[in-house]
Each structure stands twice: as structure tokens, then as C-alpha cells.
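The chain that follows stands alone, in the form predicted on its own, written as C-alpha cells.
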């Protein structure tokens, strides 16, 4: 009987052939471990002779970036497999195609997207993606609205809610996004130059912590839609005409704002990073104008598509009440601003940082960028009730970059 073992570059080709017989008998194969995330192993296997390639992603029974002292249920791979199939169908292929899921090895064999780049890397290289706004708003509207009580039969939605309980991954989010960055937690990864700053401006700010507590408990209790759960620029592959969302293993039923806010926060942090890293002011200004336009248009096009699709797919009788859809959407966007702020703070001082900020080479500029990131994040959280349009998000950024 087969049993779980950890794959490596020497064994992954034989594993693929056993599961799929994917490559030709005369294949000239090269195997590389390409995973740079916090949790899993990811391999790319390519036949250099015939041009075929495949990705194998395997869950480990612990958090990879920490080690075996932080065990983690590998059943998350099964959730990810199911989510990818649901998202593929809802979005007409805005996620990679899954060829097979192996429930023994907790491994997913899927489409290779190496003709795309990770969006975070592309943005740090000042690249622009003209189709991204339209495609990512399609992804968010269709995955969020179509899995909500507005559309789904309520009994079916409750069954989904049961199926996609993801307690260990949710616990990570509750701790690393909504709790530990707001006090001097042991697992925080904080620069020495930020400790006193955080004490003065975050950890001892009772009003801020009250608002974060509200956002945390909304995350924990508001089973609004089936979330991706980790929708940032490191979980998106892009090229000029294509967007593909990857890594939905944090998926569960939660507030729509969590997905939207995580994305917006990472666009904001790229803006802050670009201003600090790029000495050529003309190139910097061009890229940051693109980022501002992207933030604005992602919010506004999401709202436009949401309201339009709402009318086409709404099934709940009370949700058809005039004024309800606008009230519902306003609250999603308000909470999106709050999530944006929480994500920005946790990526500055929490366990998992972003390259955008950490790779600023000038340490003085890095320190200033991280302080600006925290101050702006606080404003997103504290002033979220008046942030309802894409321009409101842009104006918040411009407040610090006049």
C-alpha cells in the first residue's frame, strides 16, 4: 500500500510517471524545486526535448519556513485541490488547471505557468499588466459573489461552509495578521529600528487595537463567501495578456473584504517600495501612477461588476430589496480598507514579510518606508468608514506622497 513520503528532485519524475505517465519515453527531463513560499514543496519538471512540463505541489506536515516544531495538517492540500476546481469553473480558467490530486501524497499535479511571472517580482521590476484589472476583478466578483448566500441555495451554502472549514490555516491568519503584529510577540520578525516605533505607535495604541479586534472577529465569524484566503501579489501569476491566481490553500468561508484588502495592501506596499528603491524619478513616477490607477480601478471595477452581476444572479428574496445591494457592497469596501491596513502592518513586523519592503537596499530609506507603511496602515484602519471608492484608496496613498 502506498504511503506518504517527502518528494525531492531525484524522485519527482518517477512519481509523475507513476501517477500520470505524462512524459514520452525518450524525454530529456530536468527537475527543479522552485517553491519559495512558507508552507509547501513545489517542483517544476520539464522535458527539454518535447517541450512538455508540469508542476507538482506537495503539502508538508509542518510550516516549511519554521520547521517541524510547527506541525500543520497536510489535509490542506485536499482543500486547495477542491478550491482550484471550483475557481476554475467559476472564472473560466483564471487559475491553473489541475491534472490530478493524490490524496496519499497530498500532492497536486497541475498546469505549468512558467510563461508567466509572479506579480510581486514583475511589479518590483516596474512591469505593467494591461489585462490585470479586468481579469482580477472578474476573479474576485465571480468567486466571492457566486459562493455567497445572495446566490447559493442556503442549505447548499451551509454544506459548503462545513466542507471548507480550515481551522489550522485560519488560526495562522488570526494569529499572524490580526493578533501578533499588534503586540511584541515572540514570532514577530521585526527590525531593531522599528521596536520603539511600534511600541509608541501601534502596540500601545488602544483605539487602534480596538478597531483591529473588530476586524479580527469579523474575519472569524462572518461566513460571507468562499475566500481564496491569501490573495496577494505573490499568489498571482501574470503576463501581458493573462492573470492566473494560485495557492488557495487558506480558502475558507469568511468576509469578502479579506481577499480584496490583501490585494490592495500589496499594491500599496509596492508603491511605497518603488518610491524608496528607484532613483530615476521619471521611471518611479510612471510606475507609481500605474499602481495608483490599478488600485483605483480594481476597487471601482469590482463594484461595477458586482452590482451588475448581482442583478443577474441574486436568488434570495430579501436581497432583492431596493437599496440592499448598495448597502451590502459599501460594507464590503469599508472593511476592505481595514483589511488593507492590517495586511500592511503584519507584512512590516509579523512573521511573513514582503520583498517589496525588505529589499529596499538603503537602510535609512527602508526604515522610513516601513514607518510610512505603518502610519498609512493605521489610517486605513481608523478611517475605513469613509473609504468607499477607488479614489478614496488613492487619496490615502497620496496623503503621504504629495
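From a predicted model like this one, the values you see are computed outputs, not experimental measurements. Positions refer to the first chain, counted from 1.
The same protein has a further form, the form predicted together with another copy of the chain, not shown here; the description that follows concerns it.
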query: Candidate site 85, 136 and 176: all three near another copy of the chain in the model of the complex by heavy atom within 4.5 Å; finding: no
query: In the model of the complex, the residue from 102, 112, 191, 149 that sits within 4.5 Å of another copy of the chain by heavy atoms; finding: 149
query: Option touching another copy of the chain, based on a heavy atom within 4.5 Å in the model of the complex, out of 328, 197, 290, 237; finding: 328
query: In the model of the complex, segment of 116-124, 311-319, 276-284, 258-266 with a heavy atom within 4.5 Å of another copy of the chain; finding: 311-319
query: Contact of residue 220 with another copy of the chain in the model of the complex (heavy atom, 4.5 Å); finding: yes
query: Residue 93: touches another copy of the chain in the model of the complex, heavy atom cutoff 4.5 angstroms; finding: no
query: Touches another copy of the chain in the model of the complex: residue 130 (any heavy atom, 4.5 Å); finding: no
query: Contact of residue 212 with another copy of the chain in the model of the complex (heavy atom, 4.5 Å); finding: yes
query: Residues within 4.5 Å of another copy of the chain in the model of the complex, restricted to 163-183 and counted by heavy atom; finding: 165, 167, 168, 170, 171, 174, 178, 179, 182
